[in-house]
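A single chain comes next, written as structure tokens; it is the form predicted on its own.
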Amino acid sequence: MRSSLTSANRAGWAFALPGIVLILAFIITPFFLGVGFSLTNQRLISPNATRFVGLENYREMLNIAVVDLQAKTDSAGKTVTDADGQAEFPRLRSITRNPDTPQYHGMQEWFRWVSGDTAHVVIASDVVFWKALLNTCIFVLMVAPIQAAIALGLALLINQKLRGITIFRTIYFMPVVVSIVVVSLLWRFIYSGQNGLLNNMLSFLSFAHFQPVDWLGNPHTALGAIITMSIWQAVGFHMVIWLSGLQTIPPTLYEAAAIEGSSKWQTFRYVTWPGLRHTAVLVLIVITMQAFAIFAQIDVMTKGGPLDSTQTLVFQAVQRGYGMQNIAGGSAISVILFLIVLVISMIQRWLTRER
């Protein structure tokens, strides 16, 4: 018995060894190398020797502050206004280049809001990083619930024994099997500000009253356009996961609910949704990880523009690591992204656990 068990274990480890080697070589080892590089000034190509800098890369990226600028006043103490009647404020460099405030040196304005005669200015050492972080969080918060809800709705629709239902399953799943690069190129043409399909359709439906919009060239619409495309492209994949969860629910539960006279909403709330609890955890975690890893859409459609309105953490990590040859900066962003995804996944698991 012991000999047979040992032989089986050896065979199992032999089959698993190639996979273990690949995981060690391409996932675990690069991860720890990235953590190490983030603590140095490592560059892709540089004549200078690599030097350990500790948490300096993280401090440089995460350094953010809010400063107040008081409106200018004249000799009589009245607020100075411009041609539009708005209060004038001193230039930000009066703080960021002031020897009395060395903690703000080199920092740039991100955004501001005015309250009375005071302008509250948010400044950061790395404004692009904070824009990328905000855009990534917005992307995740929009994509995760909407994509999960639409996928669940589609799964409920096709989870029926009807003639030709397989055709609809195929249609809904089709965008998933198409390369994301191809999908991004197609949607870039759809969003074109000149003769794009979306503008032409809206113009036709409004009887030519709709003015064409450059969806990817406008900072106010670019991120929303990419969010819409991303939801459409991957919703079929999560539909299949929901569908597999639906098919594990015993039909007898639905029969019992029908006998009790339950409405469709009551059946979904007390039978379907409790049976999908573990599937929901999987779907939310998968969508969250995929959303945080958004890169191809940005790279193909906007390159992070316009005005950094579509910058994301992964795009910034790649751009800094290879485009700017700043391996240390790109590694630091990757580590921050890993920690964010880890924490959010743990929170999602805690919120959806069985009580």
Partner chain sequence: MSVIGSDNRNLRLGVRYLVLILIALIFVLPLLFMVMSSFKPSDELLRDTSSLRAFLPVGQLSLDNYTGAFERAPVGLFVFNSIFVTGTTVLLSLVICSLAGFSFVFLQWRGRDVMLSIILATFIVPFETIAIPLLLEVSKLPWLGLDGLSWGWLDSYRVQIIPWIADGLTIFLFVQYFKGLPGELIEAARVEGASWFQIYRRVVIPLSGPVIATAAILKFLIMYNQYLWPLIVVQQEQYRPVMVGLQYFFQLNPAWGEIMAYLTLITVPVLAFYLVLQKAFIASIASTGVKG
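Residue numbers count along the first chain shown, from 1. Everything quoted here is computed from the prediction, not taken from an experiment. What we label the rigid core is the largest C-alpha set whose atoms superpose within 1.5 Å from one form to the other.
There is another form of the same protein, the form predicted in complex with its partner chain; it is not shown, and what comes next is about it.
The listed set 28, 65, 55, 62 contains one residue whose heavy atoms approach its partner chain in the predicted complex to within 4.5 Å, identified as 28. Screening 123, 119, 142, 190 for any heavy atom within 4.5 Å of its partner chain in the predicted complex leaves a single hit, 190. The closest non-hydrogen atom of residue 291 lies beyond 4.5 Å of its partner chain in the predicted complex. Using a 4.5 angstroms limit between non-hydrogen atoms, residue 42 touches its partner chain in the predicted complex. In the predicted complex, its partner chain sits within 4.5 Å of a heavy atom of residue 172.
In the predicted complex, none of the heavy atoms of residue 210 sits within 4.5 Å of a heavy atom of its partner chain.
Not one of 111, 134 and 206 comes within 4.5 Å of its partner chain in the predicted complex, counting any heavy atom. Residues of 283-322 placing a heavy atom within 4.5 Å of its partner chain in the predicted complex, in sequence order: 289, 293, 295, 296, 299, 300, 314, 317, 318, 321, 322. Remark: with the core as the superposition reference, the CA shift of residue 339 between this form and the one not shown stays below 2 Å.
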